[in-house]
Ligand code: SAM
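Only one chain is included here, represented as C-alpha cells and corresponding to the form predicted alone.
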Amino acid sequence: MFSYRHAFHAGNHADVLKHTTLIAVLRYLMQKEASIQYVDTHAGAGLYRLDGDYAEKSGEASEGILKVIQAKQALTSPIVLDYLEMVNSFNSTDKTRVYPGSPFIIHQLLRHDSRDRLKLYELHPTDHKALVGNVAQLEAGRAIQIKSEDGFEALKALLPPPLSSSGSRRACVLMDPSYELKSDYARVLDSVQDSLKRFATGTYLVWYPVIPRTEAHDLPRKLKLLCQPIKKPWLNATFAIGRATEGDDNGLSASGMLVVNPPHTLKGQLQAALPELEQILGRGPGQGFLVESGG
C-alpha cells in the first residue's frame, strides 16, 4: 500500500501541469480578501531534492521542470512563468536542486493577514515524517496543520469551512492520490460528490493519470457527469508528452487536471500555456493537449 514515493517523480511533466494549474487557481482565489481554507488530501513530503538518489534514479525532472527552465527565454505564458518563479524561489543559485510540492507552493502564497489555513494529510509513514520536518522549518504556527490520516475521510469534517471574519466561507481542495490502488479512482469520485453536498461553492482540483486503464479513462467523464445535475462548472485539461520512441510504453506520458468551480480565467490561461509546454516537453507519438469546460 505504501510503495509509491513521489520523490521519484518530483518535477516531472505531470507536476508541471498540476502545479501550473494550482498556482493559477490560487492567484485568482486570492484576489478576494476573505480567508480560504486549503486542503491537500495527499500531501507527500512537501519538498524534494532533484539532486537526490530518488530523482536522479528516475530522471523524470530532466524531462519536466528542468527542461522548462532551460527554455524560459522562449516562454510567454504568464502562468508558466509564474510557476517557474515559484520553483526558483526555493533555490538560491542558478542550479535547480529543490522542487516544492503542493504544500509548499500553497504555503508560499498563504496570506497570513487574511487568516488563510492549510490542512495537510499524508498516510505514508516516511513521507509524513519528512513533511513534518520540512514544514517545521517554516515556523508557520497554526497556519499549517499536518495529520497522518486518510485525507478523503478527514475532508468530511472540514466542509463546510469555518466562517471568515467577513462572514463568508471559502475552501480550495487538491486531491492527487498516487492511484497506486484501483480503489483510488472511486474514492476520488465519492469524495468530490460528498464534498459538493457539504460545500457546493468550494473549488476542487483533481489530478489524475492518463493511462490505459478503465478506471482512469472513466474518472474525468464521471466527474463531469457529477457536475451536470447540480449545474456546477468544470474545466478539464490533459497534457501528453508522448512516447520517446514508437512502441515505448514505459512510464507515465500523460495526465490531467479537472477543476470543479474553476476560475473563469483558467481556460484561456491554459489554452495559451499548454502549446508552449508541448513545444518544450513533447517528445513523439501521442503528444498533445486538450482544454475543455462545461457546466
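One rule holds for the numbers: they count along the sequence shown, beginning at 1. Nothing here was measured: the structure is a model prediction, and the numbers come from that model.
Although it is not shown, the form predicted in complex with the named molecule is what the next lines describe.
The contact with the named molecule in the predicted bound form, taken as any heavy atom within 4.5 Å, belongs to D150 out of D150, D113, E85, E139.
Of the candidates N91, Q193, S168, S178, S178 is the one whose heavy atoms come within 4.5 Å of the named molecule in the predicted bound form; the others do not. Taking the partner from elsewhere, A43 is found to have a heavy atom lying within 4.5 Å of the named molecule in the predicted bound form.
For the chain shown alone, Y185 is not a contact residue for the named molecule in the predicted bound form, no non-hydrogen atom being within 4.5 angstroms. At the 4.5 Å threshold, heavy atoms of L123 reach the named molecule in the predicted bound form. In the predicted bound form, S77 stays away from the named molecule, with no heavy atom inside 4.5 Å. Residues of just one listed stretch (43 to 51, 253 to 261, 24 to 32, 61 to 69) have heavy atoms within 4.5 Å of the named molecule in the predicted bound form: 43 to 51. Contacts to the named molecule in the predicted bound form (heavy atom within 4.5 Å) from stretch 69 to 99: none.
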